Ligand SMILES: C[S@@+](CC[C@H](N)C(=O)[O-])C[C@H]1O[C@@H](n2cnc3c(N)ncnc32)[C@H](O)[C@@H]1O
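This document opens with one chain alone, in structure tokens, the form predicted alone.
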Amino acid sequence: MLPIDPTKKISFTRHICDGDLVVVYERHDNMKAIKVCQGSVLQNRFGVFKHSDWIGKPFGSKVFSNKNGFVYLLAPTPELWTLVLSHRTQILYIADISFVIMYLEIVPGCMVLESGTGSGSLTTSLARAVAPTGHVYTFDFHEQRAASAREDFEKTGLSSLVTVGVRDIQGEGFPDEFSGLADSVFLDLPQPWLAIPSAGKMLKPDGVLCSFSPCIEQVQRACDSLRSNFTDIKTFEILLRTYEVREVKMDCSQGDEAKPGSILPRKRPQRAIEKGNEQDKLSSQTVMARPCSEAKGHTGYLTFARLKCLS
């Protein structure tokens, strides 16, 4: 995930080595994470790719198969890892993740507490944000899920930045050893109001908490709990709208009657040969942008609050 050299500096400039995790980009809607192993091969519709041909190449390389098909070998950044990881639970995506990191004011060197770990989508981005000197302590009540997340962080090179614990934060709260030390706390729990009192004890003065909830009723109860020790309480819903940009043909002969973005039928006139050149002059290419028909809807509500500084 974050190739780290002995001086703890993050770098994607080094070359692919045996045992590295790479994201194989076949097309925009088809990517997969693969561990590079000398002697192994990848077979897909583009042919057979030998892992031995990948070793020594820099991330971002275009590699060819025995059929002259090709794929790209990409570094498993948090953005790409979010798209290819195994979904053990519902995950946060890039729009929510970027907003969380900004509003939690996470910078290199921060200590962040997270519950629950789930599939580890957010955790990988938190780790990059606190690197190289910070740390993320993440907890999940489900032992097998925590073990799987721990394995993923080993594969992606994050084990020095992330510690995974098995703990029921709703019932037991965060460990006392972190009391007053956390810069930020993130909660992704079905009953976040049960963990808010403990989270308040873990935060430094003026520290920030975020709670992610899919239902507005959870937000209401969480906010009621936050009002006793927190201030600046805000809730957001992030809705992402993407646009499609492409070239279309415009029929200039229609003048003002032609609507921008409409693709007019191109029937051949009766005297196609004689009038072909004239017809080409009356039409032109233009670039149009419009919202994609499949827009992503509601994911969840993000509630932020700042711990009160008590004199």
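Everything quoted here is computed from the prediction, not taken from an experiment. Numbers follow the displayed sequence, beginning with 1.
There is another form of this protein, the form predicted in complex with the named molecule, and it is not shown here; the text below is about that form.
Review point. Would Phe99 sit within 4.5 Å of the named molecule in the predicted complex, counting heavy atoms only?
Key: Heavy-atom contact with the named molecule at 4.5 Å: absent for Phe99.
Check your understanding: Hey, in the predicted complex, does Ser125 get a heavy atom within 4.5 angstroms of the named molecule?
Key -> Flag for Ser125 set to no.
Review point. Even though the named molecule is not shown here, does Ser225 get within 4.5 Å of it in the predicted complex, heavy atoms only?
Key: Close contact is absent here: in the predicted complex, Ser225 is far from the named molecule, nothing within 4.5 Å, heavy atoms only.
Review point. Within a 4.5 Å heavy atom cut-off, is Asp188 in contact with the named molecule in the predicted complex?
Key: Judged by the heavy-atom cut-off of 4.5 Å, Asp188 is in contact with the named molecule in the predicted complex.
Review point. Among 114 to 122, 200 to 208, 154 to 162, 229 to 237, which stretch sits within 4.5 Å of the named molecule in the predicted complex, heavy atoms only?
Key: This holds for exactly one stretch, 114 to 122.
Review point. Looking at Gln144, Gln90, Ser179, Thr133, which is the one with a non-hydrogen atom within 4.5 Å of the named molecule in the predicted complex?
Key: Contact residue from the list: Gln90.
Check your understanding: Though the partner is not shown here, which residues of 32 to 56 have a heavy atom within 4.5 Å of the named molecule in the predicted complex?
Key -> The stretch 32 to 56, when checked against the named molecule in the predicted complex, contributes no residue at the 4.5 Å heavy-atom cut-off.
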